[in-house]
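Starting off, we have a lone chain in the form predicted on its own, written out as structure tokens.
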Amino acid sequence: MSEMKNIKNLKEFSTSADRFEGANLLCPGCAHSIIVREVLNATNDDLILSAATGCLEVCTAVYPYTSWDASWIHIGFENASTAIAGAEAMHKALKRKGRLKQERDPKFVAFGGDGATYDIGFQWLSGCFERGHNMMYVCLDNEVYANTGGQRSSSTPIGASATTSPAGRVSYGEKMNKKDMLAIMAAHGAPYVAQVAPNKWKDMIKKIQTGFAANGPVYINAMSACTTEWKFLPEDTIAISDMATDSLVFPLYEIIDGTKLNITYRPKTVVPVEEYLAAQGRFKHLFKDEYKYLIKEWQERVDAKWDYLQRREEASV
């Protein structure tokens, strides 16, 4: 089991030793660095890390510099999961042969964006979970291929304007609903999967530490608001993240052993989905008369998902 820190408050957490340095080329306001820092600071154990091609990789490892103060490898777009799974399998084999003398095993963590996770790297990730590697996979979910020009992914929500699903005179943008990746990974029988957001840092740290303590593959879906492609001001990242969780567009919950579901955050005041959409330029066209019906459908869909999660939670008590 991972040694867990007793984090009392944000000030204490913010002054803890960093293994992800502040110097990087991520966009001002990018939530990626907040999430990664919280993941790495959630344990005192040694870390073995991998990152798929994407915003995180290209902005934190510009040779000869690096933002990573831990063992780290960049691997292809699709196989950050298999790289870290290979390191975990090698460590297990060397330990069995008596060639490693560490008192505590390191934690193995892979990072990937939604393009590298939901789409390009899905079969590799699925294989890692099927084989039961003792690893954590963190998806930095900004709902778009932000590193390569803002193309849609299967995480892009319906109605969003992206470069490969642009809104215009004949289209309202993305036509498909966002893939339910958390349910898919839970269906693998994983010991722990969870959805997190950087604005709810205590909830996030608790889930990361629970994941580190689990035995087997762990999946974390982290909402990562993207100022560039979602089209909001850089200083509004946390405000947008608050709206995402408080509107229930991005509900925070966990699933244990593929069956037991716990909702971990219930907003005191639920924000209308319309307000969340209005705060982002990628949805501005939905407020035209011909597309307003989509906002109503958005609200109905979010309400239905929240009702479903609550019924699941009650049924799994």
Ligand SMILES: Cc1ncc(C[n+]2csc(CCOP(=O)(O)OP(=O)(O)O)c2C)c(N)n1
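Each residue number is its position in the shown sequence, starting from 1. Just so we're clear, the structure is a prediction, and the values are computed from it rather than from any experiment.
As for the form predicted together with the named molecule, it is not shown, yet the points below apply to it.
Within 4.5 Å of the named molecule in the predicted bound form, a heavy atom is found for all three of His32, Thr53 and Asn147. The single contact residue among Ala116, Val196, Ala110, Val193, judged by any heavy atom lying within 4.5 Å of the named molecule in the predicted bound form, is Ala116. For the options Asp242, Asp236, Glu78, Glu88, the residue carrying a heavy atom within 4.5 angstroms of the named molecule in the predicted bound form is Glu78. Proximity of Ile120 to the named molecule in the predicted bound form falls within the 4.5 Å heavy atom cutoff. For the chain shown alone, Asn221 is not a contact residue for the named molecule in the predicted bound form, no non-hydrogen atom being within 4.5 angstroms. Although the partner is absent here, Ser161 lies well away from the named molecule in the predicted bound form, with no heavy atom inside 4.5 Å. Looking at 80-88, 139-147, 201-209, 94-102, the stretch with residues near the named molecule in the predicted bound form, meaning non-hydrogen atoms within 4.5 angstroms, turns out to be 139-147.
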